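Laid out below as structure tokens are two forms of one and the same protein chain, each shown alone and named structure 1 and structure 2.
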Structure 1
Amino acid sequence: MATSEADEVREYRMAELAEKAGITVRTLRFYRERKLLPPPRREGRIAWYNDHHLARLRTIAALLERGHTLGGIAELLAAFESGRRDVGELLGLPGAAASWPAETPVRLRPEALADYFQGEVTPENLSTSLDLGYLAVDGDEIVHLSRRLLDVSHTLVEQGVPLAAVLGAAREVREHVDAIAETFVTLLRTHVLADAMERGEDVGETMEQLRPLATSVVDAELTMAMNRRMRAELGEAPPRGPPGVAPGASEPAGRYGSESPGTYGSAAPGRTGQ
């Protein structure tokens, strides 16, 4: 077939990108200086921008329409990219900084979603996300219920995992974790709750105090399980022993955890390689 208009990764020079985004070249440079736009690919003298930049410019325009200042938008984008910040709070979302230990929601425009999952925002994936309760539609905006989950999904997709596979795994995890939660609730109900009521204690408070224990248990067990699986995957000799007692296998220093959100952050401009 001849080259259809469904382009590959087309690239634009300053003037063309600016025209497509409905801004002047000067403004384009201005955005770039203010870190609102990722650095373009530099080929000697000329700067090449791609559809990612175009999508971002659309997002910026939408945010400006919504009354945000350039500085605020820069903050927002930086927060979204490096993760770990309360975007909902930045947006002034009600309930974003709620006291209860819930996930912080992220409100974003459809263009922004398409920007971060370039080419993977299919009707099927949208449907799955809605079904899982990850996404909800609010007017002309989309709300993701968890900034953390959105960030992880973004990273996985960027590492080459199809979004459909990510969502499939998410569904699996949801089921398993649901069962775990039931285990703990049952445990507390049958052994703790009755005593607390007898002593006239605040039942809700008691539950909330014990709640982090469940998180700790799952964290520890998951860490150990990941260690076992990874060892097996890497072909190392699996120490056949009762689970939980790994001789000399104290926990490795670094966990799977989220101590370094800047995996692809501010260090090098070079992102998804060619």
Structure 2
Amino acid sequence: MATSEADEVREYRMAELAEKAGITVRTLRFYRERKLLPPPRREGRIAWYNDHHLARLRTIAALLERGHTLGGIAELLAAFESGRRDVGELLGLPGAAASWPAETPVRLRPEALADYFQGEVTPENLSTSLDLGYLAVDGDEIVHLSRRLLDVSHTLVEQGVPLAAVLGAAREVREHVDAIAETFVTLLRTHVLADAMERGEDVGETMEQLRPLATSVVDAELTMAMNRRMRAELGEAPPRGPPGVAPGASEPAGRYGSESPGTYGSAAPGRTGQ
């Protein structure tokens, strides 16, 4: 066994690596021929393997124990490799945005991800997750950018929603949310940020103060929209409006002008208007 002084990566010859991984040299050669392992470092006629190769072998063993075939594992590993990127690029925010609230990332071994979504971690779903930016590959680990989104996806799959459908909905939600974000950024840029810059104020700090307002609006609007959709789905009648307002008619103008039920300022059932 050798150790590189530069980065202290342990290196193994083929027989040493096979012994460490608990497999035979013949099996190791077979995995290498199937391209399940990245090429070793060559020093003359000697092939040197390192801890990354060992971790890959342990991942293969764990996936085999979970019922995956070598062909399926090869496809998954190929998808991992195609999604390899700078995790800092995935999670980091440049400049003034660096201090903004961020999602909590989750690091997982490939086999742990397979356990989390039993039978749903296919090359297609993995590629979609990588394309959406939910996953990145960092060394021998997979990084999911958001603990909240990971948990929600897991719960939906447990409730019987296929992971492919969850990811399809996520792509659609991403498009709508990007449009909403553009609306708020344009609003702030036009009416707030230009003046703040003229006054020499910290634009990043100004945005940080205003960002929760956008989050609150989206949360309130989504809650009311979900209520409307669920009432329609269940065939329930909409809540009665305030006295003097016919069902279905617009409410009197409030703080934000003429408003209909479900817009800013409207009252949720059983609550006082904002």
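Just so we're clear, the structure is a prediction, and the values are computed from it rather than from any experiment. When a residue number appears, read it as a position in the sequence of structure 1, where counting begins at 1. Think of the rigid core as the biggest set of C-alphas that the two forms share within 1.5 Å after superposition.
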query: Chain form predicted alone: structure number out of two; finding: 2
query: Cα displacement of Arg229 between structures 1 and 2 reaching 2 Å, rigid core superposed; finding: no
query: Rigid core fit then Arg211 CA moved by 2 Å or more between structures 1 and 2; finding: no
query: Large Cα move at Gly72 between structures 1 and 2, threshold 2 Å, rigid core; finding: yes
query: Cα shift between structures 1 and 2 at Thr27, which is computed once both forms share a superposed rigid core (Å); finding: 28.1
